[in-house]
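Shown next as structure tokens: one chain only, the form predicted alone.
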Amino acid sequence: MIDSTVVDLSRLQFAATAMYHFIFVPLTLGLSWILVIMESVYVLTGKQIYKEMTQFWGKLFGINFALGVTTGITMEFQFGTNWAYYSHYVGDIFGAPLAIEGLMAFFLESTMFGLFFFGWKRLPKFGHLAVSALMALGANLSAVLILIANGWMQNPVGSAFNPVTMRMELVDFAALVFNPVAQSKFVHAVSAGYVTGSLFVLAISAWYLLNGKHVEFARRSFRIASIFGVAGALSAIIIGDEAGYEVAQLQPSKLAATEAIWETEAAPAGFNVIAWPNEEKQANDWEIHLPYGGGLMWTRTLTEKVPGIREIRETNKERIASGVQAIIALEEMNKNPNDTVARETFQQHEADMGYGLLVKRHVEDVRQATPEVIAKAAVDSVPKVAPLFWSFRVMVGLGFLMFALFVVAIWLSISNKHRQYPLLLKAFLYSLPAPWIACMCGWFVAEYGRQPWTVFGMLPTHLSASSLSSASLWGSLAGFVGFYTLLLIVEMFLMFKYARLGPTVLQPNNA
């Protein structure tokens, strides 16, 4: 039987390292394009202050980028150390975009990173601007390739199971690249990064304005960040809605849990604006229900129902029973490759084989899967509701709050009334953690909502982990958390230090 403690610790370790790493990623994505905008204005106008802006915010970008690289390297190694069967089973597919990211995008980004800092006196203006643009392009290209890999885990297209090798194989690279889930995840994730970078610049600029420091520098940075931020926030909201539609079509269990839909919503489906989910009762203690809202968001019609958790589990019981038949037939085929009856049975039930593997959490031999075991596996097939429900609403609430902040910031820039509204400037400053909280909640919804699957509908998480000891996992987890916490402290110290110093290269009359 699978050691659930090993699986849980492996999940916890990967989640910890991923979330530490993603502290740095969105700021890299957002600041990279803000630097391009600032330098473009400098090249086009020749105004020295925009060069100084690019150099100052570039310094903070460099600190963040270096620590982001440091925390990101270990994540890919964990696929081999902690998730060995996952890597064996789907490595031919999942490894392709990761290899391209390392060989192409990361090398492009890191090379341009060096030229950005050491090329100011060695490259012409347009040459250095091209370096900045390529650096931003590399950062975003890294994101799209990683999200192609992650999108395949959510929607495994372009692949097929080979009963001879007992592994998944890539059959359509184009389908992998143009997976609609991957594309929407990419746009949504980078938009969140643009919001993060914009609010970072906005908050620090607001601090300068509150303290009367580097006023002209801060006003110009404030204006660029507010415009870029409102575009990023609007994009994140629109694409987030599209991502919700795709989840409804491809991962109904994630949608039902995220929206606390216990009973099937008949057309036109409603929407729980807020509720109090009760896992024991399999119902909401109370809810504020919006008629028609669910149908418009999740089905784009008023004539389709939205399945609830109870119906999904009943449907999954049938798929689990079908998947058990596929696994039994596959075992017979391995014993006798010429068994045509087993082959036909396998082909009939192959699409549900992943669901059949869910019973291995409860019994080692799928032939022992009684109706009671299948019912337990069906319960496992839907993630816990409350964590998803509240995480999603925190993310959405912060998203709309930040959009409103950027709109107000644009008004302040246009009216040039920054100093007349110190409370608003403080609001920008104190909102600095908001994009990171929203990003973490978004990733939690995406990854926890995929459970109990590593690859949705194909490979359960409890079968993906390596055969490690709990002691070794506790040790490595403690080591990673300790080391990454130290890196985070270093990052915050350096960021605070240089942000407080401000653009010291500015002329006194601009201070």
Partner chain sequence: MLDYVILKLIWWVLVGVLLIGFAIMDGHDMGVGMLLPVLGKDDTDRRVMINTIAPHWDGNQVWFITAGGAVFAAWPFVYATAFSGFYWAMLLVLFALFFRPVGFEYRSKLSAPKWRASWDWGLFAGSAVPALVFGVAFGNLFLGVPFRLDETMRSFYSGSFWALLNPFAVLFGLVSVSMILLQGATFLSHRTDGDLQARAKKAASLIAIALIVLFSLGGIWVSFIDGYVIESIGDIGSAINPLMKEVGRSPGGWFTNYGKYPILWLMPVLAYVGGFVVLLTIRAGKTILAFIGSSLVCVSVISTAGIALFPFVLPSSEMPKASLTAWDATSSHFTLNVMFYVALIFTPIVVAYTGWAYRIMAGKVTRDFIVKNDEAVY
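Residue numbers count along the first chain shown, from 1. All values reported here derive from a predicted model rather than from experimental measurement.
Below, we refer to the form predicted in complex with the partner chain, which is not included among the displayed structures.
Student: Have a look at 365-373, 96-104, 276-284, 348-356 and name the one stretch with heavy atoms inside 4.5 Å of the partner chain in the predicted bound form.
Tutor: Careful reading of the contacts points to 96-104.
Student: Could you tell me which one of Gly397, Gly293, Pro387, Gly80 places a heavy atom within 4.5 Å of the partner chain in the predicted bound form?
Tutor: Going through each option in turn, the one that passes is Gly80.
Student: Which residue among His88, His289, Arg310, Arg219 has a heavy atom within 4.5 angstroms of the partner chain in the predicted bound form?
Tutor: Going through each option in turn, the one that passes is His88.
Student: Using heavy atoms only and a 4.5 Å cut-off, decide whether all three of Ser226, Tyr245 and Ser253 touch the partner chain in the predicted bound form.
Tutor: So, no: the whole triplet misses the partner chain.
Student: Under a 4.5 Å heavy atom criterion, is Asp172 part of the interface with the partner chain in the predicted bound form?
Tutor: Judged by the heavy-atom cut-off of 4.5 Å, Asp172 is in contact with the partner chain in the predicted bound form.
Student: Can you tell me whether Met458 touches the partner chain? I mean in the predicted bound form, with a 4.5 angstroms heavy atom cut-off.
Tutor: No, Met458 sits far enough from the partner chain in the predicted bound form that none of its heavy atoms falls within 4.5 Å.
Student: Taking heavy atoms and a 4.5 Å cut-off, does Tyr448 contact the partner chain in the predicted bound form?
Tutor: Residue-level check for Tyr448: no, no contact with the partner chain.
Student: According to a 4.5 angstroms non-hydrogen atom cut-off, is Asn416 in contact with the partner chain in the predicted bound form?
Tutor: No, Asn416 sits far enough from the partner chain in the predicted bound form that none of its heavy atoms falls within 4.5 Å.
Student: Let me know which residues along 462-490 have a heavy atom within 4.5 Å of the partner chain in the predicted bound form, or say none if there are none.
Tutor: The stretch 462-490, when checked against the partner chain in the predicted bound form, contributes Leu463, Ala465, Ser466, Ser467, Leu468, Ser472, Leu473, Gly475, Ser476, Gly479, Phe480, Phe483, Tyr484, Leu487, Val490 at the 4.5 Å heavy-atom cut-off.
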